[in-house]
Structures are given as C-alpha cells and as structure tokens.
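First, one chain by itself in structure tokens, the form predicted on its own.
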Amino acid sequence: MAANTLQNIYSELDWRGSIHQTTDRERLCSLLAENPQTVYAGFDPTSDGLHIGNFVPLMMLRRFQKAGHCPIVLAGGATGMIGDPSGKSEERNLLSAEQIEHNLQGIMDELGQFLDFESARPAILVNNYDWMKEWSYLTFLRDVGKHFPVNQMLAKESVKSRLDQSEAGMSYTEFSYMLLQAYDFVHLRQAYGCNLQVGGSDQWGNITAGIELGRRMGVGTLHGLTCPLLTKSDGAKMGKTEQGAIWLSAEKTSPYAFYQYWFNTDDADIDNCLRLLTELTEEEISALGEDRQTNPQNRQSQQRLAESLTLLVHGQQGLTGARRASEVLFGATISEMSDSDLTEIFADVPSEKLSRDTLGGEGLSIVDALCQAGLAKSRSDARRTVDQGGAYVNNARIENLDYRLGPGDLASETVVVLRSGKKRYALLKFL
C-alpha cells in the first residue's frame, strides 16, 4: 500500500466530518501515515441486527481498510451480557445467554458485507467472550480492576450523567462495563498489535479508559478516535421512523423502505449524510451541493444518497427493486411483483379481500372493482370515473366501461392495484 494513501486517511475523515474527538492528533496522524495500523470498533449484540446508527463507525472501519489499514470488528458477546450505560437514562434489560448468541449470529452475518475478510490485509472478526470467559471474578479484580481509580470512573460522562439524571442511579453491573471494554483494548493490543479504537462520540469515556488501562498495564501508547452520532440538524437522532429504527437487514427494513427514508432526507441534513455515510468523493458532494442551490426541486442529492446507501447495504438487486417500487408511486406500470413488495409500497392504502373465483369466468367488471375497493361511492360514480379517464388497473388507464378483471390483471400472487385519479389507491386481494 502506497505511503501517500496512508497519509490521506486522517484528512479524509476530517473533511467528511467523521472526527468528533481524538487523542494526540499530531501523533495519531504521524502514526497513520508511517505504517499500516490495526484499528478496532466494537458492536454489542443488543439486537440481532445492526441499525443505521451502527453504520457510521462501521463506515470508518471500511475507510481505514481501503486506506491500507487492518480493521478488527469486535462482537461483544461478553459486554453484551452487561449492557453499555453510555447514552442511556436507565438500565438495560439483561439478555439471556441464548438471546445474546442469537443476536451475535445476526450481527456477525451482517458485518461481513461491509469489510473485506479476504484481502492482503483482511479484516478480523473477534468475540470478546472468547477471552473474557477465561477470567475468574477474583483474578479479574486483582489483575485489571486494581488499575481503575474509582474517582476517574465517576468522572466519566457515561457514569456522571446517569448518576445526575436517574433516581435509580446505576448498578454495579453497569458500572463495571467500562472495565470490560477497557480490557478489550488491552487484549487486542497484546494479541493483534491494535493501537487505535474508533467508535461513536458516546464511547469516548470507555475508549479513554482503555487507553489509560493500557498505560497502567504497560502495553504501550494507545489511541482513540470518535465519530459524531448521526443526528438531524435539529439535534434529533437520525434513523428513526414511526415504525421504528432503520435497520441494515432487509428482513427488518425492506430495501424500498430503506431507499425511501434516505430519498426523503431534508436539505438541511443531506450534506452531512453524503459525507458521513457514502463513498462519494469531495468533488461529487460539492457538485451535488451546487445543484441543490440552483435546482432544489430535482432532489438529485437525495437520489444519489438513497442510491449509494441502498447499493452498499442491499446490493444491486436491492437497489433495482427499490427503484422499481419507487417508480410505481410515480405511475409506472405494475407487474410481476410480489405480494410483500406491494403490501410494503401501499402499506397505508385501503384493501379488500375477495374470493379468487371472482376472477374466473367473465371476471370482475371495472365498475364493480372500483366500488368493492371503496374508490367509488356507487356504480354511477364508478362509471363516471372511467368515462373521465380516472380509472387505473396496476397504473394502466382503463377507458372501456366493459373492461373486466381476470387472472392476467394480478400484479403479484394475489393483488390487483386500483387507482382513481392521481393519488387515490386501493388494493384488491384475491385469495
């Protein structure tokens, strides 16, 4: 890997706004420019998948690898048993060993798609339970716990804010979380020569605790770098909807819903998202900013963000499906889709269930279909809709009053999509 590539990683993270805090900036820049470094980020299995908030540190690891460094992804099988108090106003519910194992498998399966585990400097995937299970409680307290001054632990923001804001305070279990994460850093230095830990800004206290532990245990100088949390311009967390979090798994958040979330990003947030989350160059992002100023109605920035992220997270097939689903809402003809796709796209429109036999024989008249779907108050109202050119089956205009729906009109396994006018949709499900 060329030296000038290594020299560019800190400046790239800087212009992207990916750096919130860092230890000894000058020394870290020098270290990253001199030789390939091993860098790690941890992800606790609080769920069986990763959400968009996890994506910022994950993208940092990806950028480090592309710049010639070696990323370690740590899945927190041990730390997940306790739960990180950082950024939490109350204690997490403890997960069972079975649930943690299930969640671990889910996130480990997802991590592999963002990092290269087969290159000349492959990414490394580890589970901190593999080394923590070897410790006894007394030995850990003697060998590790003795290096932690309680007054310094109390001064950490993750602890201090909980004690200040919560009447329940903090249990000893959560209080000890910092020790486990700090020891992870020491272990990774000893086992893999890891010098740098990255994470969200809420991890700064845990990261610096690991750096201090490394100094006290004599493993050498360690470094830390945090990225900003993904927030909107008003300070609210990004990646939340009325339906819940935006997940990286297609089973939890469909490629269509994922695409639509980013396509609807506010102009005030779009530049930050393009820099933090995509691999677009500084020149491309700058050009998009100029277009946004002169042609805001084009929403080219939103389209590039949605396409770039959907391609990265869900691949070409996911992006193609998301584009197609989006085109449906702009009037594209609907055919050969799945029931789940159509249900996702038209989640908020009324639907009616009819017998599959209704499509047999002469089929169902367009007039009766509009009435059955609730798009017409009466048969005369339905006829008027057809006469005025406002009746659509699967987004294809129907101008013949004698038109009858048959099996060939199914847009998916069981669904026909009806439309009245420009925006009034309804589904007929033939079961």
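Whichever C-alpha set is largest while still superposing within 1.5 Å between the two forms counts as the rigid core. Note that residue numbering begins at 1 and tracks the sequence as displayed. This is a predicted model, so every value here is computed, not measured.
The form predicted in complex with the RNA is left out here; the points below concern that form.
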(message) Check for me: heavy atom within 4.5 Å of the RNA in the predicted complex, for each of S380, G389 and S420, yes or no.
(response) yes
(message) Please tell me which of W204, W247, F114, F263 lies within 4.5 Å of the RNA in the predicted complex, judged by heavy atoms.
(response) F263
(request) Name the single residue among E279, E352, D267, D130 that comes within 4.5 Å of the RNA in the predicted complex, judging by heavy atoms. (result) D267
(message) If we define contact as a non-hydrogen atom of the residue within 4.5 angstroms of the partner, is T208 a contact of the RNA in the predicted complex?
(response) no
(request) Check whether S326 has any heavy atom within 4.5 Å of a heavy atom of the RNA in the predicted complex, and answer yes or no. (result) yes
(request) Please run the contact check for P296 against the RNA in the predicted complex: heavy atoms, 4.5 angstroms, yes or no? (result) yes
(request) Give a yes or no for F330: in the predicted complex, does one of its heavy atoms lie within 4.5 Å of a heavy atom belonging to the RNA? (result) yes
(message) Just to confirm the contact call: exactly one of 332-340, 298-306, 147-155, 194-202 touches the RNA in the predicted complex at a 4.5 Å heavy atom cutoff, so which is it?
(response) 298-306
(request) Would you tell me if N395 moves between the shown form and the other one by 2 Å or more at its C-alpha, with the rigid core held superposed? (result) yes
(request) Would you tell me if V367 moves between the shown form and the other one by 2 Å or more at its C-alpha, with the rigid core held superposed? (result) yes
